[in-house]
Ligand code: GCU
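Let's start with one chain on its own, the form predicted on its own, as structure tokens.
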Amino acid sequence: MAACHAPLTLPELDRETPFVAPMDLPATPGLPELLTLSTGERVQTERDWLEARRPEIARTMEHYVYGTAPEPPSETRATVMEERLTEDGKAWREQVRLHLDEGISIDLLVYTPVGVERAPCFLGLNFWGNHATTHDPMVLLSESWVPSSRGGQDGKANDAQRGKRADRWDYEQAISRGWAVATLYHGDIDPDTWTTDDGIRGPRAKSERLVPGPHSWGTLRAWAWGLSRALDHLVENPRIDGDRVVVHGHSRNGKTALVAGAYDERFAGVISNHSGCGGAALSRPARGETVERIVRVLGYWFTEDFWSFADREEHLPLDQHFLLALIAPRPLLVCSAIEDEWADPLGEYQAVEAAAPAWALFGIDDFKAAGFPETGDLVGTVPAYHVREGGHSVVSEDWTLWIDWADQFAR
């Protein structure tokens, strides 16, 4: 497949020297001002935020970081591939193929608890294909390209992948607590590569509605757009309460969850797990996965303008607290792991702290920052921050936290 761009030519990084996160640093100075309009006027009310500052920030993030997404299709046609009770009788399993523009389709897997009328739902992307999130043998193999690093054979999914990431998807706990869970493979939307030939950015980039250029959407925005198309279907699902869909994600999918929640206000809440650079972590401290490191290898995730800030983060006219604030006043939970230095736990905490004034405009002011928290502590409710022991992964403990947190506003 042809490449859209070659990776940036930048100096080689020293990957041998261990990185130590300075957790005792004060809040990062010099962040762009969240509650001041470009005219210099101060944002003081909900109306100021919703009608003036929020749209201004949304445009700025599009321009410099994620690119502009096209309008949704006039209709998302759905084909039900399967709909039946699971073998244990505790959930409905639905497999739906959503047909988008230009021949692109995405497969949505939904487990809904039996006996719960219009259940709240967690929606998130997966890395390997729906079949890898569960040992359920009835889940269809993905038909999209799967890289060999994720178990693909000649780019194709296979039975050996089944359940390989089931430990990261605690369907059983969610179902037992009255939550539905929906997931889709991000490769169905756009391949996680420099190429755009086989994904939604490829066909659309060739259309008159979106000409390739410095501000064209990157893969993160494309994946987020795909999550919104999944939400289009969930709001029509009679077993799901479309007003209580929480978008979540881990790592690059956590970045995507934030972008989806920021640009689609239908999501009732947003959970970011270890999303790091380009997600919840501030760019300016340049710790862990910096702008320089991410754009050299994964520059296709972003608009090309973001590349110019490699190793010069202090010149960014924004930072990631802007992205988090776009979710206000809806609930936001940012999660870190203390050993996940690449995702910069301190930078994630500081971004939530810097974004919290947006919620305060709405009288939501329970994020009482008192320095970086102890592991296991939950700071705030809306927005909220949590750091646990361990490293870059998803564990059952995370699902327990997510459900406990979401139950407060979605039940």
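It should be emphasised that the depicted structure is a prediction, and the values quoted were computed from it without experimental measurement. In this text, residue numbers run from 1 along the sequence as written.
The same protein also exists as the form predicted in complex with alpha-D-glucopyranuronic acid (GCU); that form is not shown, yet it is the one meant from here on.
Remark: of stretches 83 to 91, 286 to 294, 110 to 118, 325 to 333, the one touching alpha-D-glucopyranuronic acid (GCU) in the model of the complex is 286 to 294 (heavy atom within 4.5 Å).
Listed residues Phe306, Tyr171, Phe127, Trp145 were compared with alpha-D-glucopyranuronic acid (GCU) in the model of the complex; Phe127 is the one with a heavy atom within 4.5 Å.
This chain lacks the partner; the member of Arg252, Arg165, Arg239, Arg244 within 4.5 angstroms of alpha-D-glucopyranuronic acid (GCU) in the model of the complex by a non-hydrogen atom is Arg252. Using a 4.5 Å heavy atom cutoff, Leu298, Trp301 and His392 all lie near alpha-D-glucopyranuronic acid (GCU) in the model of the complex.
alpha-D-glucopyranuronic acid (GCU) in the model of the complex comes within 4.5 Å of no heavy atom belonging to Thr133. In the model of the complex, alpha-D-glucopyranuronic acid (GCU) sits beyond 4.5 Å of every heavy atom of Gln320.
Residue contact with alpha-D-glucopyranuronic acid (GCU) in the model of the complex: Thr183 places no heavy atom within 4.5 Å of it.
Remark: Ser275 counts among the residues lining alpha-D-glucopyranuronic acid (GCU) in the model of the complex, judged by a heavy atom distance of 4.5 Å or less. Contacts between stretch 326 to 346 and alpha-D-glucopyranuronic acid (GCU), counted in the model of the complex as any heavy atom lying within 4.5 Å, involve Trp342 alone.
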